[in-house]
Ligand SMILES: Nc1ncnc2c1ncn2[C@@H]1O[C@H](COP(=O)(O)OP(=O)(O)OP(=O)(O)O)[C@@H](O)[C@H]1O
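We begin with a single chain expressed as structure tokens, specifically the form predicted on its own.
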């Protein structure tokens, strides 16, 4: 039976019909990627499936007793005292059973005589349900998921209200993944995640048993996670089997076939109309009327909907052959914290040169210093040590991921006029290339969506002729068609590009060099992200094989594991995880509950081991410099 059945669904956004008579169904464990330009109805579809938006027509039906979890784009802070507690309460059923078990343990410790067997029986029943829900492994799973989405031990101790927008989204994603729902509705799940967290999420979702509808502009993510693709365009939906790469190929084939069918039919219609016009009053009038009847009944082929795409062209002024030269840099930064102390970091950059025409992608974890490195090259951040020499005749333009250089109190038109001084008519024609038509030019910047603001920032790049572009997350807020147009424009651009991005598709298409920021230093590589990934895998395979050969099998351990002195943190984590697993196996054995004292001891041991595991995760993070 389908997990979700959508029948002739129509949806309104304000006064506009964004989807009409959409029909599809999703099977259990099926992962459906949803693509389309901004405004095509992707988020509205997820809201309709979650029950947040009522249909204008048609129906949505979920399988009986199926559990649904929804990750929206707009988020609110959780009510609990810490990020960890907020994540822990993702499963209210497990937490309620945990409280009952604790209450029964206290009651059994205080009670004797005839009442004790009844308490033991009740404890066994509650314990059986708790074990069925995998409650004893839940703390470990919470820690795993929080670390997976990139929330450190320090982050987990904060109140949810103290989190940044990106951290809050990571927490919301963790809460959703912990619910173990049958159906996940994910609206831009990779927003604010760095590459490591995105790749962890891909692995997590690929082994999940949940069905999924995934709205995403991350093409590599869709390529690795989605089983099928639903494209929304011009109010209608079309289903494509396979992942994103297969969708791109099949979409082109279908559009080509439909265009040929449309052109062939138009040619037939033109010939038929010419015959009717020529013979409608002559000896062949009866034949002409017959052809007119057939023509009136002919089901017309609709041509492929025209893609609404921005048009980008970037000009580059001439520069020297040498763009940057440095004997090495040391950057230092102290980030603010809610407690006022702040957390500092340093970044060491080896000697480097940047030559004209190079396209350098800067990648690394969030907070590792990528944007600060760009700012140092721009001259806006003074290095602690070293200096950067900029070549003569180098003009540059910076694209800020936060779009902070846009004045919210100006209109789109005046934002450009005040910088470039061009006539209104010229600018309005130019803005039409970026899908700002008619009165859109007079919208206030503060009223624009993220995608619209990004297009204004791109307009400023297009009107300039800088020979060096410094781009910080340029694909944020852009839909897939706009990303593709930007890639084409950057590949045609004759200047030099340094950019920060977590978009692997974009990095692969644009970059010729990769600067990897990790563990407080920068390493520099020739090629794009996929080239670097392949090199990493080649190095990792023999290292893993050697490690496996050198390790002897671990002996069976008693309930409490004593980790040997000098053992690596990774080894200790493995030992404690194994200990927790053994405790859970004993707690899953109903014969254990013949001895209430043993149950209480195992429960305490499980709690202590879980706390030690969290401590080891923290130690591992500190050792890794995370």
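Being a predicted model, the structure only gives us computed values, none of them experimental. Residue numbers count along the first chain shown, from 1.
Note that the form predicted in complex with this ligand isn't included here; everything after this is about it.
In summary, the region of this chain contacting this ligand in the model of the complex, judged by heavy atoms within 4.5 Å and restricted to 55-63, 24-32, 573-581, 39-47, corresponds to 39-47.
Note on contacts: among 409, 449, 426, 164, the single residue with a heavy atom within 4.5 Å of this ligand in the model of the complex is 449.
The single contact residue among 220, 147, 217, 91, judged by any heavy atom lying within 4.5 Å of this ligand in the model of the complex, is 217. At the 4.5 Å threshold, heavy atoms of residue 530 stay clear of this ligand in the model of the complex, well away from it.
This ligand is not shown here, and in the model of the complex it never comes within 4.5 Å of any heavy atom of residue 460.
Mapping the unseen interface onto this chain, residue 224 falls outside it, with no heavy atom inside 4.5 Å of this ligand in the model of the complex. In the model of the complex, this ligand sits within 4.5 Å of a heavy atom of residue 188. Residues from 426-443 that approach this ligand in the model of the complex with a non-hydrogen atom within 4.5 Å are limited to 443.
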